[in-house]
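Next up: a single chain in structure tokens, the form predicted on its own.
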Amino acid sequence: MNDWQRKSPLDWEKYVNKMVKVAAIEKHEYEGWVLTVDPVSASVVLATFLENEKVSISVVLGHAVQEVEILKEGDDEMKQRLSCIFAPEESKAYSPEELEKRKNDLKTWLETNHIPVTEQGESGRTLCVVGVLTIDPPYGPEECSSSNEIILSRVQGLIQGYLERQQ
């Protein structure tokens, strides 16, 4: 076990959102912004920004890490860019009014198609279909949840079709 692997997650956290140079075994060197460090394997996940807003992700396995040198601190803009790398495209922020409209439009469409739907929760933000499936904001197929896989699959397909027709 090397020195890097002996560090604690609190030690590794100091490297997150910073530009680093990782020296690995066999004289390999990697540079990039630290997205995270896996607490089990001590592997370092690096992001490098290419042209056209593309991102290259590299993983340096923990057992291969010999030294990590911080080259640059990340500013607030860089921290925001890094935090959005793995966020789905659709995860744009919706205003409360937009969310309410999406919920009401979907609820109306489901009811028009004879699918029983109710609102749940203290603020009524969650839609409940047939009492066995929930749909959370922003009310897309990915936000559906149910232990019944058949109902889940069918309702997700219906919502996907509905959203495609909306565009």
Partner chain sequence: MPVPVPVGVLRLPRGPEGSSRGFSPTSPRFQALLGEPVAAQGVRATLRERYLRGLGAARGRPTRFCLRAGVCVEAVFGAADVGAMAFQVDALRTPLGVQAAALLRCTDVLAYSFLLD
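Residue numbers count along the first chain shown, from 1. Here the structure is a predicted model, which is why all the values come from computation and not from measurement.
Although not depicted, the form predicted in complex with the partner chain is the subject of the following passage.
Only one of the listed residues (Val45, Val68, Val129, Leu106) places a non-hydrogen atom within 4.5 angstroms of the partner chain in the predicted complex, and that residue is Val45.
Contact annotation: the partner chain lies within 4.5 Å of heavy atoms from the stretch 59-67 in the predicted complex, the single such stretch among 110-118, 131-139, 94-102, 59-67. The partner chain in the predicted complex is not approached by Glu31, whose heavy atoms all lie more than 4.5 angstroms from it. Within this chain, Glu122 is remote from the site of the partner chain in the predicted complex, having no heavy atom within 4.5 Å. The partner chain in the predicted complex is not approached by Gly157, whose heavy atoms all lie more than 4.5 angstroms from it. Looking at Val16, you'd find a heavy atom of it within 4.5 angstroms of the partner chain in the predicted complex.
For the partner-free chain shown, Tyr30, Leu35, Thr36, Val37, Asp38, Pro39, Val40, Ser41, Ser43, Val45, Leu50 of 30-52 come within 4.5 angstroms of the partner chain in the predicted complex, judged by any non-hydrogen atom. Look at Lys79 and Asp136: in the predicted complex their Cα atoms come 3 Å or more closer than in this form.
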